[in-house]
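Let's start with one chain on its own, the form predicted alone, as C-alpha cells.
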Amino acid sequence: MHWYEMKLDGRGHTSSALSQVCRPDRAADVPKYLEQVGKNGIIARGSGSSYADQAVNVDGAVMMTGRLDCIRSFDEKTGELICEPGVTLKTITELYGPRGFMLATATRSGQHTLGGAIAANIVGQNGHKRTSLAKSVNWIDVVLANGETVRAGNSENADLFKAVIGGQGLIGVIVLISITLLKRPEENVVVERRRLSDLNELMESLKTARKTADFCTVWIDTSARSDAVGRCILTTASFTKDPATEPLFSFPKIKLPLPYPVLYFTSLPLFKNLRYRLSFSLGKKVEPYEKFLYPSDHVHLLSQKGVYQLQASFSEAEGPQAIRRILTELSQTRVSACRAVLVMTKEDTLSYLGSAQRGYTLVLDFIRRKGLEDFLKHLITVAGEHNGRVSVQDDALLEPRNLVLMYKHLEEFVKARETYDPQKKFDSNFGRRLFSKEKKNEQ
C-alpha cells in the first residue's frame, strides 16, 4: 500500500492543495486504502476535469482511480457494458464506435472517466434528447466508508444511487459500473452552423431544434449589447445516411495549450465580433460521428490566473428571461466571458444534486481577475431569483445558503450521507465548503 504527497488542483486552476495520494491497482485494494484515511477524509479523483475544488482535499487524502480501467464484459445484443470507473469516455467510443455503438450522452470532452462523469452527472450536446449520462446507468457498485461494497440502482438501494450520482464522491467510491450503450443510427452526422442576431431569434430556433436535431449547442457573444443581446452561432447536428465530405486537406487533431494571453484575447469583444461575423462561411457539412464528438479535447488551459466556470440551469418558462438578464449584465458591466455555451435539457435529473431541469443550461467561463468573485456571486443570486440551479459540477463560489434554496432534494442527499458515511470519511474542499454548515444554515 503506497501513499505519496502530491499537489493537485482543478482544471480551472483556482483551487489547489497538497494531499496524500494513493493509486489502487484493483477494486479489491480500495477498502484497504480506506482503512488508512486520516481526519480530513479522502475523495476519489478520475481525470481531474472538474474546474474547482471538487476533487481537491487539503491536508487530506485523494484516491486516483485511473488504474481501475478494466472492461469486464459487453453484450452485443443489449448494449450493456460492465467496466471499472477509470475507463474514459473516449476509450469507450474508440472501442465500440466501430461496432456501431455510442454512449447515450454526447459530452464535449472524452477525457472524463466514466466514474467521474457519473459522480458529476454531466450533461451533453444532446441534453434535449437525454438529460444526463446517469440515465443510461443500470447499476453501480460502491465501496462505502466501512469497506463494504454495495450495489445500487433505480430499483435497488435507490437512495444510495441518487446520492452517488452527481454526489461529487462524497458518499463512496464507485468501483464497477453497468451502463447501456445505444445502437448508433448512422455513421455520419450532418452539422449545420447558423448565425442568429439576438436572443428572440435564438429561442425560436431552439424550439425547432429541440424537435428535429439530435445534437444542439450554442456559442454566445457575451459582449453584444442592447437589441443584439444573445446573438450567437447555433450548431445543430443530426444523423444522416449521406457520405462524409472529404476535405482537400485537414490538420491533425492535437491538444493545443491555451495560455493566459490567448484566453484573454478570446474574452475581448473584438474576437467575439470577428467570430460572429465570419460564421456565415461555416454552413453545412457531413462528417463522421466520432469526429464531431469531443470538441473540448483539443485545448488545454494554462492560465496561471485561473478560470472560473459558472453553469446554471433554468426551466423553459424562466430560461429566456434569466438568460437575457445575465447576458445584459455581462454586456453592461463589460465583464466578458472567454467562453459562453448554451445547451438544452430534456427533464429534471434523477439525482439529488443534479442541476438539470427541462429547459436550458448556460455555461460561462471567466478569467480570474480582481473583483470577479463578487460579481459571479451576484450572478448566482440572479440565477436563484429565476428558480435556476447552479451546477455543483464545476462550481467554485456557491455557498450553503444558495444550495438550500436551489436544491429541493438537498435534505435527501444529506440524509443519505449521514446514513452511509456518518463519520464523513469521504470529504474534500468542496464538501467542507458546502456541507460543513448545512444544518446551521437550515435552522
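We number the residues from 1 along the sequence you see. This structure is a prediction, so every number in the text was calculated from the model and none was measured.
Unshown form predicted together with a small molecule; subsequent notes refer to it.
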task: Considering only heavy atoms, tell me if residue 51 and the small molecule come within 4.5 Å of each other in the predicted complex.
output: yes
message: Considering non-hydrogen atoms and a 4.5 Å limit, does the small molecule approach residue 134 in the predicted complex?
response: no
query: Closest heavy atom of residue 85 to the small molecule in the predicted complex, within 4.5 Å or not?
result: yes
task: State yes or no: in the predicted complex, is some non-hydrogen atom of residue 296 no more than 4.5 angstroms from a non-hydrogen atom of the small molecule?
output: yes
statement: Within 4.5 Å of the small molecule in the predicted complex by heavy atoms, the stretch out of 206-214, 169-177, 325-333, 193-201 is 169-177
statement: Checked 122, 103, 362, 218 for heavy atoms within 4.5 Å of the small molecule in the predicted complex; positive is 122
